[in-house]
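Read the single chain below, which is given as structure tokens and is the form predicted on its own.
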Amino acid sequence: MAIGKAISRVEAGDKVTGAARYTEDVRVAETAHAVLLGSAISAGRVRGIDTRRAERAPGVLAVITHLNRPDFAAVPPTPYTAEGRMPLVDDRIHYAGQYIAVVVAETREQAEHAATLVVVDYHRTSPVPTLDAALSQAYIPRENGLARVPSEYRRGNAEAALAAAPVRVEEEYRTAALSHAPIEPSSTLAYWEGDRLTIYDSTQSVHMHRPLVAIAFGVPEDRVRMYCSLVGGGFGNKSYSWPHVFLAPMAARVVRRPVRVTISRKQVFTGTGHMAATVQTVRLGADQDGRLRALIHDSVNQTSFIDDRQETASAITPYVYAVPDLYARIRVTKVNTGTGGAMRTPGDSAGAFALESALDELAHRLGMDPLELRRRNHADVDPVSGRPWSGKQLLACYDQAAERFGWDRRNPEPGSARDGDDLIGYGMAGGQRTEHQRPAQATVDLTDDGTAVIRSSMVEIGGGGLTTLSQIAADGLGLPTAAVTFQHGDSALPAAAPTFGSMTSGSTGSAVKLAAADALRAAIDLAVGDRRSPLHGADPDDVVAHEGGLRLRDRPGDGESYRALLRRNRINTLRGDGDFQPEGEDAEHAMATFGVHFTEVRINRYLPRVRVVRHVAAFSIGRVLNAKTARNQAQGGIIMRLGAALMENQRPDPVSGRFISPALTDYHVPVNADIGEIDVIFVEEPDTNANPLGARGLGEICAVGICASVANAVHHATGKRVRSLPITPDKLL
């Protein structure tokens, strides 16, 4: 079987040799280059903008502002609309870095120079600079296309149950604003041929973004074609159609040439979203034996003056533990910053920091093992719907990861473990994420040379999807993975699920499985009906795929290759179609992914910098499609959230609200020297209740719970509870 094997990525060779083609690598004749000019203030208006010197600069083709832009339509709110306000629609400024002009020139260098010649006269108003400055104005947002979950959830009477509980914990937890830091800054290349628009875009979904562009420019959707070959890191910031996606086609229409927009590294931090800062309050009530009786989780996040974008920190809380009385609420408050967006495990990772930290505090107050506390409150069924889980091996994850880590050797007393001047701490936390599924289509072509071609619009963002989907097709047809190729990243292909939200494996993977099965059925029908085939007249149910062809299940010697079968019948291609349609709200089972983290930290008592020297994690994700890429994916998610736990912080200036570290020189992300040993366990059990493939998503769940596990380890090492991320040395002095 190809599925499950530790196969190296099929695109790895191209990536390491430089042959891989990203959006910035696409070349189209006569392409002009656009540079986006961002606002220097956080709030106010553009009172005047003088573009005359810029327009006279060498190579300049156009300078576009709100005063001379061509008309285009507003895009209705959808989960993939980055901002509710279209770019350049008026003179109002909502955040620093908001695009106020587009300079188009023959070369990027000419455009960059001309942009420095644009003179802007601002009318400044006082901004709301920080989340703290706006906390008193927090509100529950109205339900709209941007809200992914209900803003409030109530089960029982949490307030009364909390008041009656003999043991209570009530604390505030904070997470910082985080920025995506992909290697590839977003890039868009657009050109018009009459009313037909072609776009090359670094996007995580060509099919989800195409209709938004079509609406904006008033053309039928089928006249917009969007491509994305490879993405150099997304993490959610390429899940949306940000302003540059609309400005490139606009500029191309103005200058009547192809136009490329590649945002600068600093604009990655201001122009493609961020994970919003949160302030969360968690209140727990429990019996002396650790049984949870009440849970109240309130979360407030900053949002822009343009949108009510929720960082859904308390959305998962109702589903995680068996608590009879529970209340969860999500509020937002307006700040003069850009609109936040999805960042690997939106909501869940921030919420898990608060919830899993509070559980550790409860365990400490009860004098109970934190792992035992979680076992006692394990949700055997979905607490919200009462439905059984499609598959859940969380208890086995607890057992296997705890044994691998050596949790039972931990002295629970804080500050009890030392090695010279190092304080040693051990912490743990659980993780859970709702499994999301979307419709997905794919075709698989079985060709007369004995190979197969997958066709689906799936975008490879670095997680190994091209490889795992190729393994699925290979497995279904009895071919080696090397015999499978993939046409992808093109909106003219069958529509895949978007490559975010951990939907590739379950949704697009299921579509590929169904398509391969359909192609196999066509081959079997051809063989059993062919008088010249050794399989003629056989029961189709007795024929199986094997080593590049077909054979009888019980008589391996009776069979033939696909090549012989198709060429004898003068057929070039047998096509199989796969159309995966998730059950949705009517599903018999609740679906989620689960995990647990154990962390060892060392902290020098004289220089209290937290070093994570060892981390063990276990995950329940159904079927593991590729042992190698899965391990790599999990390690990457863990490392990403170690950054959030210990160093990443997109701090706003307390007066202007501008992010004061919008570059990798100041915004620190983990590097190799920051990372200790990371051990990953998969408790595998195919979950065919969730989808035909039996696989659930991994990319998001691997990042849920790490921050709390680190913070809990820090408390065990030092006795000091840090409730505000990141855990920097100043918080331990």
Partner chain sequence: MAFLRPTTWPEALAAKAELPGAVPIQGGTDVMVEINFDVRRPEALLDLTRVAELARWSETGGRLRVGAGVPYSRVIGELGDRLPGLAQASRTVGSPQIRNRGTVGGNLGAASPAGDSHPPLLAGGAVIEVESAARGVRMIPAEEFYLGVKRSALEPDELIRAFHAEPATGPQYFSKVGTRNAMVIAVCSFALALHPAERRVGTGIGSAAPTPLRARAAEEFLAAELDWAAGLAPAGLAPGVLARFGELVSEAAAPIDDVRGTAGYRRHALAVMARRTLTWAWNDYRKAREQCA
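Every value quoted in this text rests on a predicted model; they were computed, and no experiment measured them. Numbering follows the first chain given and starts at 1.
One more form of this protein exists, namely the form predicted together with its partner chain; it is left out here, but the text below deals with it.
Undergrad: Just one of Glu55, Glu684, Asp674, Asp679 has a heavy atom within 4.5 angstroms of its partner chain in the model of the complex, so which one?
TA: Residue within 4.5 Å of the partner: Asp674.
Undergrad: Of the residues Ala538, Met647, Ala564, Val255, which one places a heavy atom within 4.5 Å of its partner chain in the model of the complex?
TA: It is Met647.
Undergrad: Heavy atoms within 4.5 Å of its partner chain in the model of the complex: which of the stretches 68-76, 567-575, 654-662, 375-383 has them?
TA: The contacting stretch is 654-662.
Undergrad: In the model of the complex, does Arg196 come within 4.5 Å of its partner chain, counting heavy atoms only?
TA: The answer is no: Arg196 has no heavy atom within 4.5 Å of its partner chain.
Undergrad: If we define contact as a non-hydrogen atom of the residue within 4.5 angstroms of the partner, is Ile49 a contact of its partner chain in the model of the complex?
TA: Although its partner chain is absent here, Ile49 would stay clear of it in the model of the complex, with no heavy atoms inside 4.5 Å.
Undergrad: Is there a heavy atom of Val26 no more than 4.5 Å from a heavy atom of its partner chain in the model of the complex?
TA: Output for Val26 is no: heavy atoms all beyond 4.5 Å of its partner chain.
Undergrad: At the 4.5 Å heavy atom threshold, is Arg609 in contact with its partner chain in the model of the complex?
TA: Arg609: contacts its partner chain in the model of the complex.
Undergrad: Select from 241-269 the residues with a non-hydrogen atom within 4.5 Å of its partner chain in the model of the complex and write them out in sequence order.
TA: Just Lys266.
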